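This document opens with one chain alone, in structure tokens, the form predicted alone.
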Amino acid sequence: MSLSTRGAEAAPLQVTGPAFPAAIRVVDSHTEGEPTRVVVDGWPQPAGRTMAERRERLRREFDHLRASVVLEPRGHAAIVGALLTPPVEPGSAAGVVFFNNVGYLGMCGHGLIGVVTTLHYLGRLGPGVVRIDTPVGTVGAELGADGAVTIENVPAYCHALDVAVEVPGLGRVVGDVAWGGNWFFITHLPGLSVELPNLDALYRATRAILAALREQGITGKDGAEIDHVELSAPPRRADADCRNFVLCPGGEYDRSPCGTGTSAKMATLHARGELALGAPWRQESITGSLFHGWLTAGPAGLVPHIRGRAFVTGEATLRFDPADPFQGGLVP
């Protein structure tokens, strides 16, 4: 059956895609080498009573903006984005949802340090203590007079020690499963040098481990997906305790020592009796940067503290031309 168009031409079919704003304003920074892109204006605010609800609204309704902001041609695969929102808890200064080249994060340690540094740069907060809401809980941060930021992360814990996984090309790999705001499988691979010139081999090994964990059904608590793999190695710096390589969910490596990864690592050390409450832990990244960490006891368990520095690297207004064939980013 067809509709009559007598006396007028039929209106052309209008096919509409996701809506893009004319522009989004961002501030870029890096935390010990790892980039953060904070969205400060132009992105429609997601509804939700909790930050977890807001993250889900972003996933359902605004994922095209996530891709357009962090992917090429406006970004690159290593960027972690951070959308600022109003707080959801009394006493908090802001809310934040972190995202990357493939999706959304529960928490991001380096990203939170970048957010605090950016808010200070924008004149929205001064040195002192601040609370910020994330999808996995409210975290604390203190901006020091020297510019360093100390975050008080969500409680961390070791879920399982000495978990074995059979990995093609590597054989039997044994590691620990821990939560530090994201889920980690933390292991040591003898003979594999944790050095920048060895990136190809590190990528192959950690991606193979991640795939094997999924294929063999090895998860975090309540079946939660393990989406980070952390390799531990002896440090190169005299002032460090350990060096790491962290594979992130989007397939990139963390240029910083990884805040949630350092939190998870300290939780496993505490579970083994190798790190006492209050004792310092200095985590070196593959790039040679450093986080200072320690654990305290809180009502909900172990509370990780991570200190590092972020530096603002630029401000930008991202434009979205409807005629641009890559308006929504180069999506893999």
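What you see is a predicted model; the values in this text were computed from it and never measured. In this text, residue numbers run from 1 along the sequence as written.
Below, we turn to the form predicted together with a small molecule, even though it does not appear here.
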Which one, V115, C248, I186, V97, lies within 4.5 Å of the small molecule in the predicted bound form by heavy atoms?
-> C248
Which pick from V229, A82, L105, A156 sits with a heavy atom within 4.5 Å of the small molecule in the predicted bound form?
-> L105
From the candidate stretches 190-198, 134-142, 163-171, 256-264, select the single one in contact with the small molecule in the predicted bound form, where contact means a heavy atom within 4.5 Å.
-> 256-264
Does the 4.5 Å heavy atom contact test between N182 and the small molecule in the predicted bound form come out positive?
-> yes
